[in-house]
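Presented as structure tokens, the chain that follows is alone, the form predicted on its own.
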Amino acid sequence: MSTPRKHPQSPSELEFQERDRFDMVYGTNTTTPLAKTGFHDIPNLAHGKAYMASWTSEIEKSFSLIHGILGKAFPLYSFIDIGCGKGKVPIVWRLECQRLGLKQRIIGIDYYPPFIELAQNNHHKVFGTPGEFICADAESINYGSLGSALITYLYNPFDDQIMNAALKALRRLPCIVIYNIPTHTDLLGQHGFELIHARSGKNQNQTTHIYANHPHRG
């Protein structure tokens, strides 16, 4: 007897599963997009991208892959979402750590102050604490103060100018970069990062490249 074939999910069904469902389950506010025209005037605004939340499955897949690569060394890395917006990625990452009984420093960074407040509120709804969210510019923050080894998450948050500046700082530390919707991939190689994993799908949100600049055995 043959197994019935599942029909492909429509764009609206995918959107619900990957964005809306998360807010419905946790009572958070991460889904609603925000164009830069709605931002207050802040430094480097011209180099940033509009806000959209990452797909839940892409965060979970990245977590599983990197945890498998690093093994026992996983908790020694700080996790940093650069351009964290409303905080969904750090929340999902912490949920995955919690599921496996792991402790890790998890940080969200964004240059837009209202997002930091929203991220703290969202984190509080899920965990009862505001989490660790820092209002800072990716171009100028001291990444070394956040950990001696880093896992960084980028959901295509900015243009090549800020990307170049961030990578110039990140390359000084053992670092793994999760790059969802990877737009400026050429810059990773220029800064000594090696591609260790790539996946893609029909939707651009299903395209993720993962890079490392050091041996990454657990």
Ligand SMILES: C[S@@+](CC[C@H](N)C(=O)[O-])C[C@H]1O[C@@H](n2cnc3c(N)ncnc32)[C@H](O)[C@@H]1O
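This one's a predicted model, so the numbers in the text were calculated from it and none came from an experiment. Residue numbers run from 1 along the displayed sequence.
Omitted here: the form predicted in complex with the ligand. The next part is about that form.
- Stretch-level contact analysis of 153 to 161, 167 to 175, 185 to 193, 63 to 71 against the ligand in the predicted complex, using heavy atoms and a 4.5 Å limit, identifies 153 to 161.
- For the chain shown alone, Tyr77 is not a contact residue for the ligand in the predicted complex, no non-hydrogen atom being within 4.5 angstroms.
- Proximity of Ala138 to the ligand in the predicted complex falls within the 4.5 Å heavy atom cutoff.
- When the ligand is considered in the predicted complex, Ile91 lies well away from it, no heavy atom lying within 4.5 Å.
- Shown alone here, Phe115 lies within 4.5 Å of the ligand in the predicted complex, counting heavy atoms only.
- By the 4.5 Å heavy atom rule, the three marked residues Gly48, Ala53 and Gly83 all count as contacting the ligand in the predicted complex.
- Residues of 180 to 210 include none with a non-hydrogen atom no more than 4.5 angstroms from the ligand in the predicted complex.
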